[in-house]
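Below you will find one chain, with nothing else, as structure tokens; this is the form predicted on its own, and questions on how it binds or moves follow later.
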């Protein structure tokens, strides 16, 4: 049977791809039933939140299950707020919910697109804060048994844009909710770029929330207007020696962030910009004119257009700087998620 369900409205890249079937899961029970149905009918299955970090490289030869499981629960304890959010909750709406309930600590992650359930997979982060800094545990559905398991944060193997959910648990477990822990004694995170201008003694959570939202709206293209998946490439972490060599040649253009493991993180967008690739396009896919780390769908880009452009960008940066850029976006082919680096070589 040829795929016939359109996926354009279910991915923020607005890539036109098709699936054999689509279903919407509003409960854990129904989600599990749909996963079993796909398995019993030998169909690949793909669980999507809002499709904010995926690229369909071709039609998907199986069942797409839209995760719409909702619910937020607060537990009030002496020093901490413990908050559980179901995986189908919109991430930014969740941050707004926390702000409205005077639960602070996640404001640096405001306006990141996607759902709560996607956040642990990528260990999302922005403005000096990562999900791992807030996460207490992740609830997952074990597809082989139907059991719900609680994975403590220390067992999730969180690292830069990575977790166990991109590896061993990628095809065997489904995230159904995330538990968070927030200290009632709030302490601002002001280490990253423009946020350092705030006075830590007087700044409020609302000021940080508003500031982050304004910055993101100014700098990043709205996927409702222009198809994109946010930053396409991870910021590369390189050795100190290599970073020093790059800084000597381009002292003004490369902010460097020293990591705890002695590596140095560079901004992918700055590397791409210095290669003169802003505005470069293949088909209808283009490097954003203002934010080089973002690839956009100018109108009718195909998944193939985006892959070819990403490959060209990665290879050009490697040629000029001997630095490998890895996609942050998850690539989906006809059978499911694939290793995006297989397309970059």
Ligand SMILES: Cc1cc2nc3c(=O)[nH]c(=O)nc-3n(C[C@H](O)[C@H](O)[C@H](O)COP(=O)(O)OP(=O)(O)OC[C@H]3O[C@@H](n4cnc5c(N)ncnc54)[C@H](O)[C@@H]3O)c2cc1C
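Numbering follows the first chain given and starts at 1. Since we're looking at a predicted model, the values are computed, not measured.
There is another form of the same protein, the form predicted in complex with this ligand; it is not shown, and what comes next is about it.
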query: This ligand contact in the predicted bound form: residue 173, any heavy atom under 4.5 Å; finding: yes
query: Interface membership of residue 221, this ligand in the predicted bound form, 4.5 Å heavy atom rule; finding: yes
query: Exercise: residue 98 in contact with this ligand in the predicted bound form, heavy atom 4.5 Å; finding: no
query: Proximity of residue 305 to this ligand in the predicted bound form, heavy atoms at 4.5 Å; finding: no
query: Contact at 290, 297 and 343 by this ligand in the predicted bound form, all three, heavy atom at most 4.5 Å; finding: no
query: The single option of 267, 243, 112, 103 touching this ligand in the predicted bound form, heavy atom within 4.5 Å; finding: 112
query: Residue among 64, 285, 313, 54 with a heavy atom within 4.5 Å of this ligand in the predicted bound form; finding: 54
query: Partner-facing stretch of 184 to 192, 122 to 130, 203 to 211, 150 to 158, counted where any non-hydrogen atom is within 4.5 angstroms of this ligand in the predicted bound form; finding: 122 to 130
query: Within 313 to 342, the residues that have a heavy atom no more than 4.5 Å from this ligand in the predicted bound form; finding: 328, 330, 337
